[in-house]
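Coming up is one lone chain in structure tokens, specifically the form predicted on its own.
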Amino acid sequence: MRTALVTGAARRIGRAVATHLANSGFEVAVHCHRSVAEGEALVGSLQEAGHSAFAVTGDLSDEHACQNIVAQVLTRTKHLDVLVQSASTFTEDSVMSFSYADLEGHIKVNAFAPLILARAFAGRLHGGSIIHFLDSRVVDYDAQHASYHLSKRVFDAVTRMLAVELAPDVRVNAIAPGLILPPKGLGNAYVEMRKQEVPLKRQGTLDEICLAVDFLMANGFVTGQTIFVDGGRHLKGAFYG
């Protein structure tokens, strides 16, 4: 049985991917930090469905805690085949308002932590696949979440650098979701407004995200690529106000 570690697996896209991988026959390590109760509930539901799953914890803003996450997984299983890096922090600010601490906090969680985890993953004795979750606006501009946006741009560069450095043993790719889920606290009104900016004029689904995960895991001749699952939104190139 193959094993996958999914960061940020207690909620949203991470939860959907972890569930999909379990349904596909993977043993799943469900990483969580602030959402431990939700992560443990997911593990329980997966186990009740007959799947193999366990929880691991770690604060992605803490370098030493990050280094320990893969070690936790390897105390529970003999191997780790796939690393899905879905966890992120996301707060509202602008270029004119964010502080050094705001930018540092976003880069720690959204870019440096994935780098540490990728290093630990690559330090095992066999190859595998790493999948990063970016944001479709990484080629655009999100003026309302400036420090988050900068951190995702760094994460994009880290993804491509790792694809070169970890080849040929480990493949590193990314998925850049668009309008899949509304931000926390926003609902259907937000989705309906944003749908008008999407060339395909609709919201994407979690199943469509999981299809991209399947492709990146299965195709052994793809590395350093980003799949935009955003209905074509990234092609428009307009700034968010």
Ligand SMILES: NC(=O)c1ccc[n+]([C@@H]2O[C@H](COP(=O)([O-])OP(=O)(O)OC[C@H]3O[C@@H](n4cnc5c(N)ncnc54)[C@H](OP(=O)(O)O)[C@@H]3O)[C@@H](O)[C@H]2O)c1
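Heads up: residue numbers just count along the shown sequence, starting at 1. As the structure is a computational prediction, the values presented were derived from the model and not from experiment.
A second form of this protein, the form predicted together with this ligand, is not displayed here; the remarks below concern that form.
In short, of 60 to 68, 212 to 220, 46 to 54, 194 to 202 it is 60 to 68 that has heavy atoms within 4.5 Å of this ligand in the predicted complex. Proximity to this ligand in the predicted complex holds for none of K78, G128 and V170, with the criterion being a heavy atom within 4.5 Å. This ligand is not drawn, but in the predicted complex it has a heavy atom within 4.5 Å of A87.
Contact check for H20: every heavy atom lies farther than 4.5 Å from this ligand in the predicted complex.
Taking the partner from elsewhere, Y148 is found to have a heavy atom lying within 4.5 Å of this ligand in the predicted complex. In the predicted complex, none of the heavy atoms of A174 sits within 4.5 Å of a heavy atom of this ligand. Contact annotation for 128 to 146: residues with any non-hydrogen atom within 4.5 angstroms of this ligand in the predicted complex are F133, L134, D135, listed in sequence order.
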